[in-house]
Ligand SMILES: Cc1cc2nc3c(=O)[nH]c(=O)nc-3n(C[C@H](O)[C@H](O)[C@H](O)COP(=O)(O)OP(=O)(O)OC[C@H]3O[C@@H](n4cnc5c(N)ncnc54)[C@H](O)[C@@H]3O)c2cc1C
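Below sits a lone chain in structure tokens, taken as the form predicted alone.
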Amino acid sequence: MILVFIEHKNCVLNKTSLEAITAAQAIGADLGLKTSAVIACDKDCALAQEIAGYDLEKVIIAKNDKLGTYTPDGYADAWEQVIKAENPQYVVMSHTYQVRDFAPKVAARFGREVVGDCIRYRAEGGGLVLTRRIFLGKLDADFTVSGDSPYFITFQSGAFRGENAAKGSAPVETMDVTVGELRMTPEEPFQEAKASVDLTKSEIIVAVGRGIKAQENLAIAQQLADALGADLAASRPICDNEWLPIDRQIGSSGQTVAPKVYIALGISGAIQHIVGMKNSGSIVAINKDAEAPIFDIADYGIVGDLFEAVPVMIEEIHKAKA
């Protein structure tokens, strides 16, 4: 069996969990294992019915009054009991901040480790070979797990597409779990600004780099974003110059995104930026430098002046909508 972790806040789904379902379903098909989903909650979570609409053996609500708000102690206690009851071979999760917080704690209780931030896998010899990026994405490294199960795996955002999760109909079960002392009292999540944007939920992103030249030129990128119904983002130099707020930064020191379409305007493609957007569905790059590294990962590229190309793109988009 495979258990897949469903992350939520007040029964509102973190959509990266659908990517985890897709990954778990794929692994299950390759290894002949059934997949079940687990939701930690303090009540009969309404989200369970939504997850039950996917091709799963069952959806388990790990229920306890102390699980209404996330804490690593509470989630670790709940997951330990679910794993002991279900005896899965694999526990599959998305590589989110929350998972990074509690998953190693759970794995340690079973004397196991977490193979984290994987970008793909292959089935080999009845097991899995897991691939992670190392040295800021410059190299790919393969890992295998040995010893007794369960094996804990997290997949990088965008490694699988949530929309590819197979639909179905699954029963919902409630498992009352015991949660011990909670050693922390969580406060409201920190927000740098009320207007901060979560780019991980964007389907289309228009990102700008040094090639935009001046802050006033951001208007042309915003026009393209408006025409596409996209969100505006940037590489680090733009945010360092305070041309856009820091919550718009994509890269190793910003957000990691995987939209359906990523349009890079005047971005050369430094590795620190690429690690934040390489899993996008389709990448479109516009840059005057034909040797820019961004073209190595782009699906479509325009070698030219963005100030000439973007107005044409906007015009054609409006024509297509007319």
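When you see a residue number, it is the position in the sequence shown, counting from 1. The model shown is predicted, which means the values in this text are computed figures rather than measured ones. So that the term is clear: the rigid core is the largest set of C-alpha atoms that superpose within 1.5 Å between two forms.
Beyond what is shown, the protein has a form predicted in complex with the ligand; the following relates to that form.
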Q. Counting only non-hydrogen atoms and a 4.5 angstroms cut-off, does R236 reach the ligand in the predicted complex?
A. yes
**Message:** Although the partner isn't part of this model, could you tell me whether K34 comes within 4.5 Å of the ligand in the predicted complex, counting any heavy atom of the residue?
**Reply:** no
| task | Tell me, yes or no, whether S252 is in contact with the ligand in the predicted complex, where a contact means a heavy atom of each within 4.5 Å. | result | yes
Original post:
So, in the predicted complex, is A258 in contact with the ligand at a 4.5 angstroms heavy atom limit?
Top reply: no
In contact with the ligand in the predicted complex (heavy atoms, 4.5 Å), from 65-73, 44-52, 23-31, 284-292, is stretch 284-292
Heavy atom within 4.5 Å of the ligand in the predicted complex, from candidates P150, G158, G116, G211, belongs to G211
The one residue among R109, K201, R120, R100 placing a heavy atom within 4.5 Å of the ligand in the predicted complex is R100
Those residues of 260-289 with a non-hydrogen atom no more than 4.5 Å from the ligand in the predicted complex are G266, I267, S268, G269, A270, Q272, H273, I286, N287, K288, D289
- Query: Taking the rigid core as the frame, does A233 move its C-alpha by 2 Å or more between the shown form and the other one?
  - Reply: yes
Fill in: Shift of S252 between the shown form and the other one at or above 2 Å (CA, core fit)
yes
Check: Rigid core fitted, is the C-alpha displacement of A141 between the shown form and the other one 2 Å or more?
Finding: no
Shown form as baseline, in the predicted complex, CA R133-F295 shift of 3 Å or more puts them closer
Cα of I153 vs I271, shift of 3 Å or more in the predicted complex, relative to this form: the pair sits closer
